[in-house]
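A single chain, nothing else alongside it, follows as structure tokens in the form predicted alone.
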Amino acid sequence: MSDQVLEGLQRLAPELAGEGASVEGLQRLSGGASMETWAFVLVGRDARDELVLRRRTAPMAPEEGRSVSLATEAALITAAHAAGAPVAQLVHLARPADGLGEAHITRRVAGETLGRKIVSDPRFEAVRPKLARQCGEILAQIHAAPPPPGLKTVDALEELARYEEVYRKSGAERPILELAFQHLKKIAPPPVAPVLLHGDFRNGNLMIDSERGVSAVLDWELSHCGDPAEDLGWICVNSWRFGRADLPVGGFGHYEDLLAGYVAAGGQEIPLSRVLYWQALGSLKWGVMCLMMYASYASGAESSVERPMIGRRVSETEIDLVTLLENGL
């Protein structure tokens, strides 16, 4: 597989960096059921550029059914960049003639993505207090960007119905999740004008620089249109705090800083109660996803121990839901 990728990149190199350009240091970074990520250096006559290739290698797995194509992901990155949001800037969207399949190339951004390091490593001590406000500012920029054609629009009740259907089919019986489904249906906020959403904006999908803070927003494949409070609530889900439950925004900040940054960057004022609703819905969704990951292992469909390890985290979502309900959600 690496030979095929290297061959395609070598053919493309002169177009991207001029005659005589070449590719060095090709390295597989990560993968999944249908996606690969590769880092490489593009060496031209006058410059060396660190780049990242993201490519799809197989049809999307069933659980990826709402993922956007890499062409749409490229359009999202371009739109967010134009709106001022920090992204890994798009360099090239692959064409059939490139021999790379469905793929795109972006610039490689330096920083840390591991959530536990971001909330605890002394290297980030100085920048952590700034991150929640930065996240609010960045989300305002993303929400102001024009969405590419064809993105789905989802509201709270539609999202609840989708995940409740999955939960019912699983046969699971979790009293806290049952209560959350019923309560969130009763108190669903009225719909608002939909905006472009990142869809997975959380600690773990943010590249953090120890001096500047957020240097790039990554992983756009779950983008859609909907309530802006959905993105604001998702980063506050307890599972993305990596042990810092006292700091609700990503394990590094506070609600008021997130919302202040959002308004300061041009976003509309959003009540904290609406953010807390979407936080609860986010915890409920992640709880159902955790159940499904365990079920795939228990049924023998998946052999990786990663699935049951994630599956046991359903308890984290239940703790978050109980806390929110006790506090008057």
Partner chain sequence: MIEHPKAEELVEAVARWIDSVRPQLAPRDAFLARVAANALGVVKRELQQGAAAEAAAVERLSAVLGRGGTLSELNADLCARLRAGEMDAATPGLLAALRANITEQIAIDQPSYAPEPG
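Numbering follows the first chain given and starts at 1. Not measured: the values here are computed from a predicted model.
Keep in mind the form predicted together with its partner chain is missing from the figure; the text below concerns it.
Proximity to its partner chain in the predicted bound form holds for none of Leu12, Phe40 and Thr57, with the criterion being a heavy atom within 4.5 Å. Proximity of Ser22 to its partner chain in the predicted bound form falls outside the 4.5 Å heavy atom cutoff. Within this chain, Ile319 lines the site of its partner chain in the predicted bound form, having a heavy atom no more than 4.5 Å away. Although the partner is absent here, Ile176 lies within 4.5 Å of its partner chain in the predicted bound form, judged by heavy atoms. Contact annotation for Ser273: none of its heavy atoms lies within 4.5 Å of its partner chain in the predicted bound form. Comment: 232-240 is the region of 195-203, 101-109, 232-240, 215-223 lying near its partner chain in the predicted bound form, near meaning a non-hydrogen atom within 4.5 Å.
In the predicted bound form, the residues of 313-329 lying within 4.5 Å of its partner chain by at least one heavy atom are, in order, Arg313, Ser315, Glu316, Glu318, Ile319, Asp320, Val322, Thr323, Leu324, Leu325, Glu326, Asn327.
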